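What follows is one chain in structure tokens, specifically the form predicted alone.
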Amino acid sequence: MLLSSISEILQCDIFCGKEQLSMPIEFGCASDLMSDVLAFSQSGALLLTGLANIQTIKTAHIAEINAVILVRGKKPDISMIAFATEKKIPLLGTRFSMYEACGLLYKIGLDPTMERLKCENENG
């Protein structure tokens, strides 16, 4: 799935990285805890978060996250945009809540970075 498709579905504002919207995104993760992002994300993933500060971009860079989307209408400050631009990490924002954004992306088949848990009833 292309980042441009995700941007369209989530009706995103693009703060930086417009030239990278054609990049493929295979996985998604969501958290406001950057320690969880480091522990459970995968290289090349999309990160959904409500944490709008430079730590998010630093964590995304270390975890090799392909793109970051701020949820709940959060806006990055100039330093966050500058750092995301420097690290070539597209930074977008949506008015959807994290729950809604995750649901929309899950519904269209974006895989989570963690293995899916199997429900007891799923196999019989």
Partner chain sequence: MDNTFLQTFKIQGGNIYNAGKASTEIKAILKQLGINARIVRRVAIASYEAEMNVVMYAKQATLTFEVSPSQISIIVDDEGPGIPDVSLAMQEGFSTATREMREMGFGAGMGLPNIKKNSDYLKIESVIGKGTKVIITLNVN
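Residue numbers count along the first chain shown, from 1. As the structure is a prediction and not an experimental result, all values here were calculated from the model.
This protein has a second form, the form predicted in complex with its partner chain, left out of what is shown; the following refers to that one.
Taking the partner from the other structure, its partner chain in the predicted bound form has a heavy atom within 4.5 Å of a heavy atom of Gln42. With a 4.5 Å cutoff on heavy atoms, Thr59 counts as touching its partner chain in the predicted bound form. Ala63 belongs to the set of residues with a heavy atom inside 4.5 Å of its partner chain in the predicted bound form.
In the predicted bound form, Lys74 stays away from its partner chain, with no heavy atom inside 4.5 Å.
For the three marked residues, Lys18, Gln20 and Ile78, no heavy atom of any sits within 4.5 Å of its partner chain in the predicted bound form. Residues Asp32, Leu33, Met34, Ser35, Asp36, Leu38, Ala39, Phe40, Ser41, Gln42, Ser43, Leu51, Asn53, Ile54, Gln55 are the members of 26-56 with a non-hydrogen atom no more than 4.5 angstroms from its partner chain in the predicted bound form.
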